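Just one chain follows, in the form predicted alone, and it is written as C-alpha cells.
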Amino acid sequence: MIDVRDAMVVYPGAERPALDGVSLTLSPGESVAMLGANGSGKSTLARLCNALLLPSAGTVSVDGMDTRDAEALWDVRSRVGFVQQNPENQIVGTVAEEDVAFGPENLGVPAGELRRRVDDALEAVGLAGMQRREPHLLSDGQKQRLAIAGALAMRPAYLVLDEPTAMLDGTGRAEVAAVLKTLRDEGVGILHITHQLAEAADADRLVVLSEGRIVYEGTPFGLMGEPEYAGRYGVDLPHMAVLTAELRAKGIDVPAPMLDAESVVEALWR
C-alpha cells in the first residue's frame, strides 16, 4: 500500500504550501482518480508517491518503506512506476525495446529476464511486434503507451500517471484507458491524475485537490451529481452529466448522472 499521512510540501518562496496535511492511500488493484485545478497540488502529490519528492512534514510509505530512507529508494521506485504527461520527456531509447528495457536494465535484471519483461510490457500495452519501431514514428497515443510499458517493465505494484492523456485525442485517450483497466484487473494499483472527470468514471475512488488540500473524496458519480460543487474546485463535468443535472432541475425524471447521449435519450423515451 502507498500510504501518505499528513503530508506537507513547502516550496522555497511560495506563499502557501503546495500540499497542506494531505492523507491518501492506494492499495494494489485499486484505481484512484485525482482531479483539481492547476496549482492544486496534484503533481506534487504524484511525485511524493515514488520519492521523486520528499515531504516537508508528514510521511509517505510504500509497502511499509519510508520514502525518506535512502537505502529503500530503489525498492520504492521499482514498486511505484511513474508516467509523465508528455511521454517524450521520458522516452530515451532509439527503438521501442531499448526504451522499455532502460529501467530494469539499470536495476541489473539479467538478460533473459529482461527480454521477457520487455516483450510482456509491450504486449500489455498493445505494442507487440513494435520492438524495433523508432519512437518518433509512433502516434501520440502509442508514445504514451510506450511510456507506460517502460514503467511496467519495472514490474511495479503501483502505477502513478500524471495527466497521461492531456496531449491526446479521443482515440489516444481510449487507448490509454483500455490499458489502465487491464492493469487494474491484473492487480496493479492505479493513481490517475486527470482534468477529465469522464476519465475518472470507472475509478474506485475520486479525490479532488484544491489549494493543497483534499476537498472531496468519494465516488466519481457522487461528484457528478453536484455540478455547482464541482465547478467551485475547477472540475469540469462531462457535458452529458451537466445536461442530466439540468433536466432533473426542471423536474424531468432521468437517472443522474449519465455520461453518454444514448443513455439520456433512452431515459427520456422510457
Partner chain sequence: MRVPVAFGQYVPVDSPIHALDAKTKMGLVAAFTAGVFMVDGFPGLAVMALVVVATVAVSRVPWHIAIRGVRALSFILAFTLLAHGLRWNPATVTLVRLGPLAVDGPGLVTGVFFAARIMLLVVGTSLLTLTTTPVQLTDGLERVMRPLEVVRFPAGEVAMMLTIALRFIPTTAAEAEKIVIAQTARGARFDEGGPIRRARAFVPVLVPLFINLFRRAEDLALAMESRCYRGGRGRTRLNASVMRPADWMTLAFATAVMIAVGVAL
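In this text the structure is predicted, and so the values were computed from the model without any measurement. Numbering follows the first chain given and starts at 1.
One more form of this protein should be noted, the form predicted together with its partner chain, which is absent from this view; the next part is about it.
Would you mind picking out the stretch of 60-68, 22-30, 207-215, 47-55 that comes within 4.5 angstroms of its partner chain in the predicted bound form, counting non-hydrogen atoms?
Only one stretch passes the 4.5 Å heavy-atom test: 47-55.
Using a 4.5 Å cut on heavy atoms, which of Ile91, Val179, Ile190, Leu127 is close to its partner chain in the predicted bound form?
So the residue touching its partner chain in the predicted bound form, by this definition, is Ile91.
Select from the listed residues Leu197, Ala157, Leu183, Ala101 the one whose heavy atoms reach within 4.5 Å of its partner chain in the predicted bound form.
It is Ala101.
Can any non-hydrogen atom of Glu175 be found within 4.5 angstroms of its partner chain in the predicted bound form?
No, Glu175 is distant from the partner.
Although its partner chain is absent from this view, report whether Glu123 comes within 4.5 Å of it in the predicted bound form, heavy atoms only.
No, Glu123 stays farther than 4.5 Å from its partner chain in the predicted bound form.
Its partner chain contact at Gly150 in the predicted bound form, heavy atom, 4.5 Å:
Because a heavy atom of Gly150 falls inside 4.5 Å of its partner chain in the predicted bound form, the answer is yes.
Might Val118 be said to contact its partner chain in the predicted bound form, defining contact as any heavy atom within 4.5 Å?
Answer yes; at least one heavy atom of Val118 falls within 4.5 Å of its partner chain in the predicted bound form.
Contact set, 47-82 vs its partner chain in the predicted bound form - heavy atom within 4.5 angstroms
In sequence order, Arg47, Asn50, Leu52, Trp74, Arg77, Ser78, Phe82 come within 4.5 Å of the partner.
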